[in-house]
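Given as structure tokens, the chain that follows is alone and in the form predicted alone.
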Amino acid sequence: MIPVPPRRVLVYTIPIALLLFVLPFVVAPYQVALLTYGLTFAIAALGFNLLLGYTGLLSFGHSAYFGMGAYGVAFIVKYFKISSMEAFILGGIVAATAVAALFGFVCVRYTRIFFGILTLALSQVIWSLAFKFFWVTGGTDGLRVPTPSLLGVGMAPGQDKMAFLAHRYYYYVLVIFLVGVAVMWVIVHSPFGKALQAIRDNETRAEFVGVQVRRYRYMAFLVSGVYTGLAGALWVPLNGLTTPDILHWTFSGKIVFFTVLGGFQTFFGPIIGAVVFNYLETYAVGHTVYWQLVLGVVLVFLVLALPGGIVGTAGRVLDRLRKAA
């Protein structure tokens, strides 16, 4: 993992945070809504990277936690008729954590390809249940989720939904995103985070110095599931609908891809990768019916041209320029 000095982190993050806060006043609502989608995916990427980048475990099953976060919200609407975003977040996190606790108990016993295949297989079980039990999940029609109230205040009568999502909901997601980034930064730089990196680098040596490898992996798995479930809970009011598609392994592949695209060997890489991937996918879909081909070619080129990811490559280029100067 490429270390980043705390002073440099503040130099870069404070101006970016200020820019994010003023963005709704200078760009169109549609662009702000797209960025909101990107921020929710970035939260999922942060959780996923705790496993991949810091613990060395490649999961192909994170769609299960993202999807359970979304379905947790949908079930709250369907069965309890609640429209509070705070209740949505709580329900989504509880649902995702329950599944992550069960899957993690089984999966952390294994590593490498065995871990990846097992997470994929278990996530497909959740997808098949959502697909088959249509009287509960809505099947391919999905479950609709209305625009929620934020801190007890709902959308004003006659207010345009896009304006609501691009302003109040954007700031709501932005604050949660910034808090999530700060908490994850503390986690990965804590003794717990250092122990995870020791397990990643040399599991046998970490065990010899007293690190309880399976326990630490399990805790990382749970934290990763919480972040991904939170992302799912924040995503579904934006989308207005949840379907079994987000539980499919291909959605897990998307999470893997934008984490690698940004640079999983850096802390901020997955965040950048999630936002960039969301914009690339949106514009590819909007401009051609062959969007999957175009998106695939662009992403393969980026990965081959930037083997360290966007952030990792940019950091290396800046270091070389500094040394040359």
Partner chain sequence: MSLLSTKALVKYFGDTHAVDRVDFTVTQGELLALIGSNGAGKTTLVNLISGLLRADSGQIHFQGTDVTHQSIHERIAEGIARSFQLVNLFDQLSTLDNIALSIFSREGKTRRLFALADHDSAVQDEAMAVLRQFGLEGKARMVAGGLSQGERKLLDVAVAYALRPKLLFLDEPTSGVSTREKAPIMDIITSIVRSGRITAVIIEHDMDVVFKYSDRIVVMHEGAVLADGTPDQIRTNDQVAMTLLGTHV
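Small disclaimer: the values here were computed from a predicted structure and weren't measured. Positions refer to the first chain, counted from 1.
The form predicted in complex with the partner chain is left out here; the points below concern that form.
Asks: Answer yes if any heavy atom of Val183 is within 4.5 Å of a heavy atom of the partner chain in the predicted complex; otherwise answer no.
Replies: Within the cut-off, so yes.
Asks: Closest heavy atom of Tyr216 to the partner chain in the predicted complex, within 4.5 Å or not?
Replies: Although the partner chain is absent here, Tyr216 would touch it in the predicted complex, with heavy atoms inside 4.5 Å.
Asks: Using heavy atoms and a 4.5 Å limit, would one call Ile246 a contact residue for the partner chain in the predicted complex?
Replies: Looking in the predicted complex, residue contacts with the partner chain do not include Ile246, since no heavy atom lies within 4.5 Å.
Asks: Given that the partner chain is not shown alongside this chain, does Asn239 nevertheless sit within 4.5 Å of it in the predicted complex, heavy atom to heavy atom?
Replies: No - in the predicted complex, heavy atoms of Asn239 and the partner chain never come within 4.5 Å of each other.
Asks: The chain here is shown without the partner chain. Which stretch in 169-177, 149-157, 69-77, 183-191 comes within 4.5 angstroms of it in the predicted complex, by heavy atom distance?
Replies: Selected stretch: 183-191.
Asks: Just give me the single entry in Val99, Val211, Ala87, Val226 that has a non-hydrogen atom within 4.5 angstroms of the partner chain in the predicted complex.
Replies: Comparing distances to the partner chain in the predicted complex, the residue within 4.5 Å is Val211.
Asks: If you check Ala163, Leu143, Ile82, Ala206 against the partner chain in the predicted complex, which one has a heavy atom within 4.5 Å?
Replies: By the 4.5 Å heavy-atom cutoff, the listed residue in contact is Ala206.
Asks: Spell it out for me: taking the partner chain in the predicted complex, does every residue among Ile271, Val275 and Asn278 have a heavy atom no farther than 4.5 Å from it?
Replies: Negative, none of the three is within 4.5 Å.
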